[in-house]
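Just so you know, structure 1 and structure 2 below are the same protein chain in two forms, each on its own as structure tokens.
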Structure 1
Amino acid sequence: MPPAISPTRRRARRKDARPGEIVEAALGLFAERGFAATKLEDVAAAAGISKGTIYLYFPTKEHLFRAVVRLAVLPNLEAAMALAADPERSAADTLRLLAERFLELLDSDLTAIPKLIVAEAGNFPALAQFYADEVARKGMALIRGVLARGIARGEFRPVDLDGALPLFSAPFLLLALWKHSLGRHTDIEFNPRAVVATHLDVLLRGLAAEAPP
């Protein structure tokens, strides 16, 4: 029989778990309502805590959004960066694996964050800048590094790296935005796996190093 857990230890463990529970509840509400329409008291209710308790962890909604990015978004980006760091994997296979990882995330609420930023950047410029610095800049550096490695190894033909960055990311951004905007209001559908497969086929053919004469 396992030893009994004291009420003090149980409360401490519960307190340690709360930030993650709050972030999870906030992500769901941000995805459903957007940033402006979500209130901290709504997040508290969804997380099963009192309105006053949430302020002990996150004094403002802006603090909470930053926590959502740091605790829910960045770990996935860091995992992608670790995946891309494998020196034995080809650049083409790395792009395929990054695309597969996106497909796995597409069914989650995480894809609502880019839509939220695009929709509300004008009203909340500080949050937009925070997301650009913490997520977009790092994501672009990740893809740029993979493309540069492919060119250096002769897998890809020389291309303008800055010009090529949007060519990889645009379809993924479209799928995320569509899911959380027009996709909710129309019967027009995209098959994400088919879109990504076609996109990679076209992109990698365009990047492929030219065969010597």
Structure 2
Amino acid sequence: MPPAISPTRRRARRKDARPGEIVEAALGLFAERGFAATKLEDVAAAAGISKGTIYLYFPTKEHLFRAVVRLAVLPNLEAAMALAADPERSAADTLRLLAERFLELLDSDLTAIPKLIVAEAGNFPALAQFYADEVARKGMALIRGVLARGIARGEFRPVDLDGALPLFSAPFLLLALWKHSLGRHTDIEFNPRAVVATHLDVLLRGLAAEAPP
């Protein structure tokens, strides 16, 4: 026999779940249509609630947008940082793991976030700043750490860190953007797994320390 749940408890559970449900519905629609072109009424419908209910949890459409970005980004950023922090792992293996993680994410709507940020940065400077400072900066520090470790350990030759910083991420960005923009409107297809495999192969070779004579 399951433990009895008081009516109050059951209601509370509903209330606790709502913001997440709304954010999830919003992510899907924002990913598909962009921020401006998404009507809150449609978000509500997608979440199975009514327009007004959204406003019980988010004071404006922009706040909902921020919540979407936060919720979609922060857990993954933290996971990536934890993964990159392991001092035992070689730099190459760390990059491979990060790449693997990205491929998993690519099936969800989460990778629509960069598209949304790119599209709306101009209209939401505060959000752009938040993303730049909280996500981009941290992500870049993460990569910089891995590259520096690789160089220190003799895996990689000493390259210009500032110049090398974007190189690892750039193809992932391209794949994510493609999927959520042009990819929906053309039959040109990328095979993400192949692209990522080639990327790692080429990048790691390109960075590899010279073979000792």
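One-based numbering along structure 1's sequence throughout. Take the two forms, superpose them, and find the largest set of C-alpha atoms that agree within 1.5 Å; that set is the rigid core. Remember, it's a predicted structure, so these values are computed and weren't measured experimentally.
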#### Entry: Structure number, where the criterion is the form predicted alone
1
### Message
Given a core-based superposition, decide whether the C-alpha of residue 124 shifts by 2 Å or more between structures 1 and 2.
### Response
yes
### Query
Quick one: core overlaid, is residue 157 moving 2 Å or more at the Cα between structures 1 and 2?
no
### Query
Can a Cα shift of no less than 2 Å be assigned to residue 40 between structures 1 and 2, given superposition on the rigid core?
yes
